[in-house]
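In structure tokens, one chain follows: the form predicted alone.
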Amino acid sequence: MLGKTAGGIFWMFRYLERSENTARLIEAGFRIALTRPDSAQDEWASVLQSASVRDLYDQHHDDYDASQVVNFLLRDKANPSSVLSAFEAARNNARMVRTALTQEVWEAVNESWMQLTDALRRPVREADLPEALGLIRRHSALVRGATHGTMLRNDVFDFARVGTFLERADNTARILDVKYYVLLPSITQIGSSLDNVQWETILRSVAGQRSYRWLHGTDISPRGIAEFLILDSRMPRSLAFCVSKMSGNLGYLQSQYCEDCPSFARMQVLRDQLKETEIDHVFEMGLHEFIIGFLRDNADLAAQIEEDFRFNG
């Protein structure tokens, strides 16, 4: 496969995952802001920070009004990571690599892009926000289902999976980091009902609330949720799960393309680090510090993959 085609597949699925992840990040911010209406602007600022677009937002706006932030994250063309921008980028990449996709996958991407473009043609009112976010998630599921149901399990599928899980790991880490930026009014509220509501909101934003309850019952705690989203390999949006899947698909690509890919070596180090990590250690070093380290390693891995497989060559 040409490096340009491999890069197109990789980025197509990164952008598709990013569009859903941005929607989930908005949902997390929306729910957390509801628990603290007096400091809603701070909550929306934290969402922008976690999405790595706060500086860009500040270039266009003077405050963190909810409607402005939501519009910026959902549909603003000035934001290359907005849902609409990400989905359009995914479609453009899909057009470029169309011969590598099944007809069902192309049609799912194209249909989703048309419907989301129509749905986000105008700013979304707060009352309509849950429905709009649900629409984004459903279209992401449509493309994902077409991919799993019709694509050969070959190098195209491997690049798609690596792109998907690399982006998903990045997102889960950033959603967890929202909690870091949501500073409680007082340290005495850690472990309070307010604190637990905010942590439960994090679970909802990664579709993990019911799965967590199956495993832990009603024991909702920062430690338990962080362990679930970082280290539990059964949770499909946990860091451990994403890294495990990336490792498997990168292994297939290494066996097909190169005997000693530096990206696979980086992947193994990241996987082994997570396997050896205990949640108590994460909280001792600081959740934010752990997440920043993971995000840096994940970004370095992405850059190495691009170099190893000559996406720009």
Partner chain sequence: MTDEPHFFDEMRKADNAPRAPYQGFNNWFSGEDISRLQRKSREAEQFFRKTGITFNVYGSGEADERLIPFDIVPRIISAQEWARLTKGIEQRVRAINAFLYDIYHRQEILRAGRIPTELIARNEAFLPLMIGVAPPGGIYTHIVGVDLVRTGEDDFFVLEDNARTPSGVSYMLENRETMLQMFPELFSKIKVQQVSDYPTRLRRSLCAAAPPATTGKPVVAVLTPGLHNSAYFEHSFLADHMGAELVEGHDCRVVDGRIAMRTTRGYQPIDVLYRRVDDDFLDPLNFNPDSMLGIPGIMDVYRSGGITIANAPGTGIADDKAIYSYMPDIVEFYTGEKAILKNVPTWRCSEPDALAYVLDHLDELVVKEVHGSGGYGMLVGPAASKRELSAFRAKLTARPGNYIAQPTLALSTCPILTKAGLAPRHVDLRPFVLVSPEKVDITPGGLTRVALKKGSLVVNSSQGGGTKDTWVLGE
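Quick caveat, the model's predicted, so the values are computed rather than measured. Numbering follows the first chain given and starts at 1.
Not on display, but discussed next: the form predicted together with the partner chain.
- Message: Within 4.5 Å, heavy atoms only: does Arg144 come near the partner chain in the model of the complex?
- Response: Although the partner chain is absent here, Arg144 would stay clear of it in the model of the complex, with no heavy atoms inside 4.5 Å.
- Message: Residue-level contact is defined here as any heavy atom of the residue lying within 4.5 Å of the partner chain in the model of the complex; does Ala78 satisfy this criterion?
- Response: Ala78: no, not in contact with the partner chain in the model of the complex.
- Message: How about Arg237 - does it come within 4.5 Å of the partner chain in the model of the complex, if we only consider non-hydrogen atoms?
- Response: No, no contact at 4.5 Å.
- Task: Using the partner position in the model of the complex, report whether Arg91 sits within 4.5 Å of the partner chain, counting heavy atoms only.
- Result: Yes, Arg91 sits close enough to the partner chain in the model of the complex that at least one of its heavy atoms falls within 4.5 Å.
- Item | Location of the partner chain contact in the model of the complex, chosen stretch of 200 to 208, 136 to 144, 105 to 113, 225 to 233 [non-hydrogen atom, 4.5 Å] | Result for this chain: 105 to 113.
- Sort through Met96, Ile220, Met151, Leu215 and report the residue having a heavy atom within 4.5 Å of the partner chain in the model of the complex. Of the listed residues, the single hit is Met96.
- Those residues of 236 to 263 which, in the model of the complex, come within 4.5 Å of the partner chain by heavy atom: Residues within 4.5 Å: Gln256, Tyr257.
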